[in-house]
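The chain below stands alone and is given as structure tokens, in the form predicted alone.
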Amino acid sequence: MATQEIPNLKSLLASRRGGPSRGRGRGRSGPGASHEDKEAMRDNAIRNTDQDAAGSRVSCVELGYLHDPYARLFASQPSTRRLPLLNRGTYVRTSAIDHLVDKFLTTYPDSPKQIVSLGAGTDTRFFRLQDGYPESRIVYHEVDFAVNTVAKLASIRKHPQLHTKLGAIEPPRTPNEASYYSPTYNVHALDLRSLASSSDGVPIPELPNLDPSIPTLLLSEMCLTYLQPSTVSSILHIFLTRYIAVPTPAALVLYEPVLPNDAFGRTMISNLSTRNISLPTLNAYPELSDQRARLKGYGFVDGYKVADTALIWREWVPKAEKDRVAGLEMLDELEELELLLRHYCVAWAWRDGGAEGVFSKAWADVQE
């Protein structure tokens, strides 16, 4: 959760209590810019949010919220301590998705499984899973803009802590190699929007080592939310009917904002617009009930659930862990924390044939 992804909470709460709230726009494309220029500026703004998120992970790691020895290796910005409120939000986000992934991997643990991370950016999950599940048979894929995958592969080659997890990683064949393929870890340089223009009679881009026959979990942490809902539907249709077709078990985990129409949501949208960023799915699926209906519409017929991160903090995190986190740094803004956490959600859905399917079994007791 990038610092710039949320409103200025002090200003927002002041306005709720009758105080002033002002903001200055910055980074807008000028009225004379071409459509292509505006799209390029918007893409660049979205890519920049990844380093914001990387900095947030580093802040959490340094303060003891999360254990991630790899976070700092991908962060290109100097380490900056985030506000306690933001650290808590990043902790809940990461822990929630880790929880769902853990339940997937530990159900039928001897069976091979596959994870596809959409818009992975600087995410470190593959490397953490290598530490946490050394015996698991995981095929991991990341899909992102080429400019992001080039930077990620450069970091992997630079740091022994990373490339030793892959075995012998080959040197780049070109100065800016953007993709990497292996039996366990694959980085695909691909603009996901290109899948939306694919039709049933047109070949889809090859994703080397993507196995169409093993249970596959798709992850989207603040990725698909930047795309138009029709584009998202087309992308997921391609994954669920052509890359990972029925009857192969498949699931999706989303992390996205919700509730755009209250003061907090309007301020969030306004702040992001100053950076040339919009969140189309936020307006299309504003409530948790809309997220459930959305997931069902994608074809996840065996289950579709959603919980805001306020509920996740209350119900998913054990008391002992809450106490540990509370002791890391002072957090007095409990009202603001609740406000923040209610405006983000984790949604998860699956198709796998019923009660004994891997996802149905793994997530049967996960509360929403």
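From 1 onward, residues are counted along the sequence shown. What you see is a predicted model; the values in this text were computed from it and never measured.
The following text describes the form predicted together with a small molecule, which does not appear among the structures shown.
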property: The small molecule: the contacting residue among 257, 119, 89, 215 in the predicted bound form [heavy atom, 4.5 Å]; result: 119
property: Single option in 71, 192, 101, 151 placed near the small molecule in the predicted bound form, where near means a heavy atom within 4.5 Å; result: 192
property: Partner contact for residue 50 in the predicted bound form: the small molecule, 4.5 angstroms, heavy atom; result: yes
property: The small molecule contact in the predicted bound form: residue 46, any heavy atom under 4.5 Å; result: yes
property: Heavy atom of residue 294 within 4.5 Å of the small molecule in the predicted bound form; result: no
property: Heavy atom of residue 145 within 4.5 Å of the small molecule in the predicted bound form; result: yes
property: Answer range among 266 to 274, 157 to 165, 73 to 81, 217 to 225 for contact with the small molecule, defined in the predicted bound form as heavy atoms within 4.5 Å; result: 217 to 225
